[in-house]
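Quick heads-up: it's one chain on its own, the form predicted on its own, in structure tokens.
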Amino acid sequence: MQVTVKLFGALREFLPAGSGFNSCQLSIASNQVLGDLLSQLPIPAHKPYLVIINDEKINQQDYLSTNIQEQDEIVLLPPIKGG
């Protein structure tokens, strides 16, 4: 099945080769959970990011229990600092 993955900010450098500006289409097995998909991306463990699936924020403790569905849009955002 196909899902769209979008990476913003400094995370864009971890998109697979041949990706668009900040997104790519990934083919994954139909029974994959979010944690499986994230492990396919070469993002270093020390890089923090937020995950949003179809406009809903997913907590890190739910990565291994969140099922990925066909046509989901998975967005990874780096933390934003401001003041």
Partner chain sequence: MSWQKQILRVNLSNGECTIEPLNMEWANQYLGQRGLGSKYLLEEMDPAADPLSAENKLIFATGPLTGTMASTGGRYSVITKGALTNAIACSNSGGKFGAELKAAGYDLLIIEGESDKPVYLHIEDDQVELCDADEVWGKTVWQTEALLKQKYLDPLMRFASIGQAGENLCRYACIVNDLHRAAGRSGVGAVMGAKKIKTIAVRGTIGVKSADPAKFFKIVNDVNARLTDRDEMSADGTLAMIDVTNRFGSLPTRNNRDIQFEGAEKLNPEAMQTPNANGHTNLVTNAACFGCTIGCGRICKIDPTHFSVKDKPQYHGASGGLEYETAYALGAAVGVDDIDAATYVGFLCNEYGMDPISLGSTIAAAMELFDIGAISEKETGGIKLEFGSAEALCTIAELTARGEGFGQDIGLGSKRLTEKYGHPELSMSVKGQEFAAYDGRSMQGMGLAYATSNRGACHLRADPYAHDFETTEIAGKAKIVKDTQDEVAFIDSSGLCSFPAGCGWSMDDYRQLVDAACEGEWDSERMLETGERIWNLERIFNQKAGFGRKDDTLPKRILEEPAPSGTAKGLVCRLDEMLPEYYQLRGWDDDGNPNAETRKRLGLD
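Keep in mind that what you see is a predicted model, and the values were worked out from it rather than measured. Numbering follows the first chain given and starts at 1.
Separately, the form predicted together with its partner chain exists; it is not shown, and the next lines address it.
> Spell out, yes or no, whether the shortest heavy atom distance between Glu73 and its partner chain in the predicted complex is within 4.5 Å.
Yes.
> Examine Asn22 and determine whether its closest non-hydrogen atom to its partner chain in the predicted complex is within 4.5 angstroms.
The answer is yes: Asn22 has a heavy atom within 4.5 Å of its partner chain.
> Against its partner chain in the predicted complex, would Ala10 count as a contact residue? Criterion: heavy atoms within 4.5 Å.
Looking in the predicted complex, residue contacts with its partner chain include Ala10, since a heavy atom lies within 4.5 Å.
> Spell out, yes or no, whether the shortest heavy atom distance between Met1 and its partner chain in the predicted complex is within 4.5 Å.
Output for Met1 is no: heavy atoms all beyond 4.5 Å of its partner chain.
> Within 28-49, which residues come within 4.5 Å of its partner chain in the predicted complex, counting heavy atoms only?
The stretch 28-49, when checked against its partner chain in the predicted complex, contributes only Lys47 at the 4.5 Å heavy-atom cut-off.
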